[in-house]
Ligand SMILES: C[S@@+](CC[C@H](N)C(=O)[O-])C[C@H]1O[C@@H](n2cnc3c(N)ncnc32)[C@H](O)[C@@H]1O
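Consider the single chain below, provided in structure tokens and representing the form predicted on its own.
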Amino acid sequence: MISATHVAPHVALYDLHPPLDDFRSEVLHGLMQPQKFFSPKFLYDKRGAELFDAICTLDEYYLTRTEMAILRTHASEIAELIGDGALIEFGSGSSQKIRILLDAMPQLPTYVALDISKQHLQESCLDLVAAYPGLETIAICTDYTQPIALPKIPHLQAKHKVGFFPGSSIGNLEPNEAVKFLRNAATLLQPKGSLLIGVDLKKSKEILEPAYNDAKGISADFALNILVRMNRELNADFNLNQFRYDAFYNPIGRIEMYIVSLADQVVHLDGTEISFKKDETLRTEYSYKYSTEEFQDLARSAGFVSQHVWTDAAQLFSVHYLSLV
């Protein structure tokens, strides 16, 4: 049984972070494939989380401000749907969006934050309880894309559980992986839980591409930071001057993000040689875009039914409230 560390009054931290060997083995597996790749979850060390927070403030990055505007507009309606249950956020990050909901739900007794970046998670939860005294906050450092068993916490057992998955992070998953995630979430939220989830809508590449490859280069810094992390944690020797970042819209309905090798080169990682050809790509992320109907079909295949969907006037972004069948 995993025990909690009480980092402050009303903040319990459960450390279920995957061990370093998992990071090493997953990265090496991806680097050995014909199309090199790694999971975007590895982008979020402390520095990566900070860079992503900076991306969310960019003019080009419409997603965060649009989703937050939708949440603010419909906060009271959402609060009524959630009631006095336990709110469980997948990928809590800097906890900006959850504050909109908490402001509308002073009665909420319990908030559970799931995130893979332990330091960022702990800091954001401490900030949160300072702003909302008395809110029982449970921080769980874990890979939330995998099946999760919540700790046996008494005030979670009998409560209506509502998942919160903002930011269109569901788009980082291949559609079959998204269904798997939603099924895992359904298991976590049983028996009669619900899920509030942000989903980016389909739109022109003229809007999409700058959002993922901004003029200031912060998106590039965010992607290339994984090379810094591998050098630091996995004894690798990536030369950042020999790689660049690229992102573009694929008409099948997704943004594709890559690190591109600028030369023929060999990189070492924990004694393993990895060869790159000039212009060879290392995929960091996909970001799938959905129509409302496409996403509702996806959710239905995982056991959810749509109760409400809210969008902005420009139809850039959507927020869905799903319930288990």
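Sequential numbering from 1, following the sequence displayed. All of these numbers come straight from a predicted model, not from anything done at the bench.
Missing here is the form predicted together with this ligand; even so, the following discussion is about that form.
Residues placing heavy atoms within 4.5 Å of this ligand in the model of the complex fall in a single listed stretch, namely 161 to 169, out of 187 to 195, 234 to 242, 161 to 169, 73 to 81. Among heavy atoms of Lys97, some come within 4.5 Å of this ligand in the model of the complex.
Using a 4.5 Å cutoff between non-hydrogen atoms, Asp143 counts as a contact of this ligand in the model of the complex. Though the partner is left out of this view, Ser219 does not reach within 4.5 Å of this ligand in the model of the complex, counting heavy atoms only. Interface membership of Ile116, defined by any non-hydrogen atom within 4.5 Å of this ligand in the model of the complex, is confirmed. Of the residues given (Tyr44, Tyr62, Tyr290, Tyr286), Tyr44 alone sits with a heavy atom within 4.5 Å of this ligand in the model of the complex. Exactly one listed residue, out of Phe52, Phe38, Phe276, Tyr258, brings a non-hydrogen atom to within 4.5 Å of this ligand in the model of the complex: Phe52.
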